[in-house]
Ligand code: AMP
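The chain that follows stands alone, in the form predicted alone, written as structure tokens.
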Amino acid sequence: MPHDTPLIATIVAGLGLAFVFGALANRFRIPPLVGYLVAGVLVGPNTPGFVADAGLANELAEIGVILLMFGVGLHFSLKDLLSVRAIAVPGAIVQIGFATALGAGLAWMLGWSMGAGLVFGLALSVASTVVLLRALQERRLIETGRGRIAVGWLIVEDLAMVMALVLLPALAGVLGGQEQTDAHASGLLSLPASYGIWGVVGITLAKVAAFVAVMLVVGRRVIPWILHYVAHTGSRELFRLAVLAIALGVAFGAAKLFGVSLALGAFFAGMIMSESELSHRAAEESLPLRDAFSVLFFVSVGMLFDPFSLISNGWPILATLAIIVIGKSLAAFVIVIAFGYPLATALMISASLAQIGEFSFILAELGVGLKLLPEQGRDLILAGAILSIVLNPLMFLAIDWMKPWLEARAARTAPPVEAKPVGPATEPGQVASVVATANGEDGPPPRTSLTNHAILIGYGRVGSLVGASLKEATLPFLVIEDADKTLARLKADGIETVSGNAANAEVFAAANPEGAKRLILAIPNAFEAGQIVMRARAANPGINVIARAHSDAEVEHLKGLGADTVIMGEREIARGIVEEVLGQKPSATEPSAA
């Protein structure tokens, strides 16, 4: 019975309804996360019918946050983090201050105390880890310069909120609340107020520094060694278990021993693990659980929302939403522009931060527990979170719509920037060495001058082998790629590139598909590849399309959309083995070489 198994009932109800409403949302071209939130509202305590266990749902959602931040850390090096400190640190601090001031102003208008205004404003200033990272992942922006700035900004916000959670209990009496600590708080949150404000701050900084030192000194040696040891056992099951144990164990230990948030602990674990050559495999092994538990995060948020509060707190909710969506976005936009970054970067950062999430809920609960924040404040924070999460995908659509108009207006007041060659021109028939300088941050990339060329989508393990063969055969081709490190390597090799996601119309058009001879899709994502195939067929019906797949269903899917040849890895491996057994070695031009 469901009452005897609350954990199972919560998982089944959460994932089952999330699938149903997520599929409906996708059918009507609405982001699936809206369906996940609706599922949460339906299983929450504020609507009739089955009520899931909110406590269990929150803990399951926390696992999703841990795995998501761990995955980001796997693609994010310490060098990347330090490279954006000049914009991420001052930008996040100024934006937090501006949003907190706006929130405190609304609290004053509602007749709340100074302490309530401080807690309320802080809760509105910090973006949701899950929402921001999901948005960047869907647009394949995490490994770009803009993505690194957004993640670095998020890390600074998380650190600031850890400090706030530590200091609020110590300052509660001064701010008009009760001097007490949360009985369920862990790590630094249980520090007594008797240490004094500066004592608490000092201990906080010391413990965070100790955690970073342990991860950099000990973690760098222990974590890669564990992965390599398990990999040599040959057991995929043990390897998957090792990855999850490291991610969850480091996150939990960081929170309990050092007072660092679970999300930050997991991020550092992933960042240390990224130094191992097994990091790519680790990311693949943690992906399925990461997706499942991140869905439970949105369900848990929906469970907290009372839809009837939209009627009882109409204008305060609208004012709260305006602070989150307009106030925070405007502050971030101005800050990024003031630091001299391109318009596209400023728009993307401002859209990414135009929502609130998990830290806001924690702050709200702590504020209510300390008698600093009235319960109406918690309701406004929850409503603002739900509505801002729902509106966040629309913010990205809005900036995509606004960007061409704003860039055209800016171009009228500034001289155009031309792409510069990075080396001498090559002989006829050779690959051009002029690299498109646009990186997705400076507007649409310039259109290539190549004709009768091949367009290679993706330059990973498969794409790099294909590219090497094309270059050796002196066939003209260009690469569409969005990873900065890969783009730099291609530029150094004199291979022409277009930076960005090929599913984007402007990026794909820059590769001149109308004049191309063939399209080679080396990316493993069959759904994204299908969109590119349709776009290529519309631009050039005669183009020869070659794609890769991992299953018979993907083969049929891509062929149905217009691919001429779809190569399935498993078939080519079997073919190569059979030819080896029969003594017939495949030639270098065989598809299996790709």
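Keep in mind the model is a prediction, meaning the values are calculated, not measured. One rule holds for the numbers: they count along the sequence shown, beginning at 1. Rigid core here is just the name for the largest C-alpha set that superposes within 1.5 Å across the two forms.
The protein also exists as the form predicted in complex with adenosine monophosphate; that form is not presented, and the subsequent description refers to it.
Contact residue in the predicted bound form, from His232, Arg85, Arg221, Arg461 (heavy atom within 4.5 Å of adenosine monophosphate): That would be Arg461.
Which residue among Gly384, Gly91, Gly265, Gly500 has a heavy atom within 4.5 angstroms of adenosine monophosphate in the predicted bound form? Answer to the contact question: Gly500.
Heavy atom of Arg148 within 4.5 Å of adenosine monophosphate in the predicted bound form: No.
Contact flag, Glu358 vs adenosine monophosphate in the predicted bound form, heavy atom cut 4.5 Å: So Glu358 does not count as contacting adenosine monophosphate.
Answer yes if any heavy atom of Arg140 is within 4.5 Å of a heavy atom of adenosine monophosphate in the predicted bound form; otherwise answer no. Because a heavy atom of Arg140 falls inside 4.5 Å of adenosine monophosphate in the predicted bound form, the answer is yes.
Answer for Glu528 alone: is it within 4.5 Å of adenosine monophosphate in the predicted bound form, judged on heavy atom distances? Glu528 belongs to the contact set for adenosine monophosphate.
Which of 388-396, 453-461, 468-476, 304-312 has heavy atoms within 4.5 Å of adenosine monophosphate in the predicted bound form? Of the options, only 453-461 has residues within 4.5 Å of the partner.
Any residue of 523-550 with a heavy atom within 4.5 Å of adenosine monophosphate in the predicted bound form counts; write them all down in order. Contacting residues: Ile523, Pro524, Glu528, Arg548.
Please check if Gly530 moves between the shown form and the other one, taking a CA shift of 2 Å or more relative to the superposed core as movement. The answer is yes; the displacement is at least 2 Å.
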